[in-house]
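Here's a solo chain for you in structure tokens, the form predicted on its own.
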């Protein structure tokens, strides 16, 4: 996929529409469920596969397509399809690839919703998920069989902000394909990094899934998800989306279109603040450790340097006192908000054992690298000195 001449910010704001034309500067909200035909020939054209004929908003909608086109441009991809949530995007993309009897290989550190989809839902369809640790990706070839259809990972991981060596993962999958004769689709959840800081397609991945609720939306006021890739792969996902029904709403698309205009400004500011906050928290006596890819103390800092252009705005802070200490900190913050999401302009904190990884066994938490005293921090766009002081006074109360 060739890089575009225009900047990321320009692509996010205009998409391909870099020409003057009359009409609204802002893309209109096509808040309709169905569309008026000029005459019955439109229905005939649709039945013959003409993609320019609008029929029903579960199939396609101009407001939604505007955002899909911009997301594809931003990721230097051929196509994108928008969904009603990140999990709708993930589940539909995966079910478009696997069928009963197939196998998936995944790294174990995953967003809790994705992990529970793997653990609780896919077995009902006779789909098996095998896990390979990020530090032993060479084991992929030992796990691959003729039934392996998908390699899935996220990096940085949710919530531990771990880094998967994406170049090595792709190399090992290619090696396993050659050895087994299997064709394995590679898919990555790029939510934490976003296209501003990581370009999975340039590394060799086939599909990107992302919770557009997070940095793409960026204002904690919209639910959405996206699948991005080649025209062929996205067409397959889009076809299944028509039947599963997790399609994006036109008004949600309008909010996303608004958010894309400030995407680079927001995420860059949040990233810069995250580095400053991480360095400040690392010096706090009541903090056991700070996991942020931009810190030299991060176990995979060198890998992050290799595959990321920036380190994002997510970090994990482990404090003294276990879950009680973590709760004390979250309840004592005045600027940061105790809420279960990420990517917004507000700094948000949550305790993984109470949120994304609730109701998991000790063995599962260990597999995910989650401990009771961990606090996930999504750094917002507030003044950084205000944030540093807010965390300092809250941690002091442990």
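None of these values were measured; they are calculated from a predicted model. Residue numbers count along the first chain shown, from 1.
There is another form of the same protein, the form predicted in complex with a small molecule; it is not shown, and what comes next is about it.
Q: Heavy atoms within 4.5 Å of the small molecule in the model of the complex: which stretch in 217-225, 259-267, 96-104, 135-143 meets that?
A: Every other range fails; the passing one is 217-225.
Q: How about residue 108: is it within 4.5 Å of the small molecule in the model of the complex, going by heavy atoms?
A: Close contact is absent here: in the model of the complex, residue 108 is far from the small molecule, nothing within 4.5 Å, heavy atoms only.
Q: Would residue 192 show up as a contact with the small molecule in the model of the complex if we use heavy atoms at 4.5 Å?
A: Yes, residue 192 sits close enough to the small molecule in the model of the complex that at least one of its heavy atoms falls within 4.5 Å.
Q: Residue-level question: is residue 250 within 4.5 Å of the small molecule in the model of the complex, judged on heavy atoms?
A: Heavy-atom contact with the small molecule at 4.5 Å: absent for residue 250.
Q: So in the model of the complex, is the small molecule close enough to residue 184 to count as touching (4.5 Å, heavy atoms)?
A: No, residue 184 is distant from the partner.
Q: With the small molecule left out of view, choose which of 172, 206, 165, 154 has a non-hydrogen atom within 4.5 angstroms of it in the model of the complex.
A: Checking each option against the small molecule in the model of the complex, the one that comes within 4.5 Å is 154.
Q: Heavy atom within 4.5 Å of the small molecule in the model of the complex: which of 336, 342, 67, 329?
A: None of the other options qualify; the answer is 342.
Q: May I ask whether 85, 158 and 213 all come within 4.5 angstroms of the small molecule in the model of the complex, judged by heavy atoms?
A: All of them do, each having a heavy atom within 4.5 Å of the partner.
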